[in-house]
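Alright, two takes on the same chain below, each alone as structure tokens: structure 1 and structure 2.
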Structure 1
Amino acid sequence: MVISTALSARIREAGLAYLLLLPSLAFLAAFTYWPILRSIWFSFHDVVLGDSKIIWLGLENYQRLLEDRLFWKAFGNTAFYTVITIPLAITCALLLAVALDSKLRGMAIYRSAFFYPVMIPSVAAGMVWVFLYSASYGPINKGLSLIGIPDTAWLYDSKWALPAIMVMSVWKYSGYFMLILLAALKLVPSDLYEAARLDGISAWNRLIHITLPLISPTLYFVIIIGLLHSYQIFDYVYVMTHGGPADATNVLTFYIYQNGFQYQDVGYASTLANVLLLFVGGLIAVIATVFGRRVHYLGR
């Protein structure tokens, strides 16, 4: 009788839990899982945007992808953007968080100032940087001309266009990462720092041997979030360069957009999206395997 009552209570509890989860699960199913399944199905077909006719192609889209020079160029641009931008943004965020983790007066103003770029809409931020990078009247070229450096067409030079977007991205992401890391720093016991100071340990060694290990769970989270952000870059490219010049800033998400909406080749765009999803998922799995074991959790 007691077992039956306990089982009934557990079933009711589980039923209530699933009932509460139902709205979120329905939303995920409708706007995440179903589109993914639909994209997988489209990748094996010739699908034209706005045309109800679907032609089976098998693996032809995937074979076409392997032979597509522009795909590999966009893939390389995306990888280069990720490898440079995310470490730089996280490093800047960590330094800012450490510098702003104090009880001095006015710290709230500085924190707000560094976080402010995060609140600017991406399109507006992109337009601001288009003005800053302008070859004829941009403040960056005006400032560089004062020290004798000639004007550079930052967004129209295939050598500088992608690095220019990367600089803008570091400026945009650093404040977001800084806020997360700053919250983690607040959880580090202050007596550890006091003991280290009494032992004569330098600020650099305190950062390396105390701060970084204790905030490693948050760093791990920031790395994953940064990776996802970097492979979703689209708006800055669309606003600032539209993939040019000569596809120097064409990234995977923008190439997917081009195929799906400009060329109306939904089948091939779905193929690109699936490959991107698999690659990012595999990369996250590798990072979880390599770095997940090195994460130190307080209290364990």
Structure 2
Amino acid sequence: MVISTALSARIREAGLAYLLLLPSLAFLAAFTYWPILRSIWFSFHDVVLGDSKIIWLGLENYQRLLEDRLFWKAFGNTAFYTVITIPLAITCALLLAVALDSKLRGMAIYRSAFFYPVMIPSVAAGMVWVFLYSASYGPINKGLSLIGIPDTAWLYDSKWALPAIMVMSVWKYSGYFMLILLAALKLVPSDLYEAARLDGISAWNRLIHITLPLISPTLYFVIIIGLLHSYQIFDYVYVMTHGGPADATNVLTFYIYQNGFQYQDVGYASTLANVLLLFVGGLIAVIATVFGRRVHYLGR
């Protein structure tokens, strides 16, 4: 009797828990996991946007992908953007955070100055930078002409268009990473620095050997956040270059959009989407194995 009431109480508790999870689970299933499963299913088919008929293709989409030079270009651009922009923005953020952490006067003003780009919609940021980068009347060209760099249409130059977007991304996200790193720096015990300083260890070595290991969990987290934010390059490409010139800024998200929405080829676009997920997932896995094990948790 006692056992069965305990049991029914546990069942009731579990029932309530599932009920509480139901709203989240329903939406999670419909708009996160179902699309992923569906995308895998579509990648083996010929699917036309707006047409309910789908035709089995087997691995044809994947074969096509391997021979698609534009895919490789977009993949290369995505990898280039990700691998350069994230370390650059994080290094920038780390230096800013360290500078601000030394109780610099005017800290609040500096912090806002570096953080405000996060508040600006990507479309607005993209547009403004189109203006900043424009040839002849753009402020960047005006500034660079002072040091003798010739007028360049940065976003229309296939060599410079992608780096130009990367510079903008560093401006947009460094402040966010800086803020998170700043929070971590504030938790580093100062007696460690004191001891190191008394031992005559230089500021640079203190940064490398004390600060970095102690904030490594946050650094790790910031890298993941950076990786997820790098998806947003779609917005910038769409607004600033539309993939051009000559596909110099075509990245995977944009190429998926082109195939799915402009050419209505949902099957092939799904194949690309799967590759993108694998790429980002793979990067996260690499970071987790290389970095995750070395992360140093305070007191653990």
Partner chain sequence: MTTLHGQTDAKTLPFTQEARQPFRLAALKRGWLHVVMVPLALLWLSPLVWILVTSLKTRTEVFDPAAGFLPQVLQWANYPGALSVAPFGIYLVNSVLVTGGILIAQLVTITLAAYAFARQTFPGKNLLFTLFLLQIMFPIYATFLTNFVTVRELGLLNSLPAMIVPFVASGYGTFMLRQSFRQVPTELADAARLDGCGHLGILWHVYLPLVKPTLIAFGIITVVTHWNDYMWPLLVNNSENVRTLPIGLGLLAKSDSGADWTRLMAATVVVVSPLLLLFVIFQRRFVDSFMHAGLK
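Each residue is numbered by where it sits in the sequence of structure 1, with counting from 1. Under this definition, the rigid core comprises the largest set of C-alpha atoms superposing within 1.5 Å between the forms. Here the structure is a predicted model, which is why all the values come from computation and not from measurement.
In this pair, the copy labelled structure 2 belongs to the form predicted together with the partner chain. Once both forms are fitted on their rigid core, the CA atom of Arg197 lies 2 Å or more apart between the two structures.
Once both forms are overlaid on the rigid core, the distance between the two CA positions of Ser102 between the two structures is 2 angstroms or more.
Once the two forms are overlaid on the core, Ile147 shows a Cα shift of 2.8 Å between the two structures.
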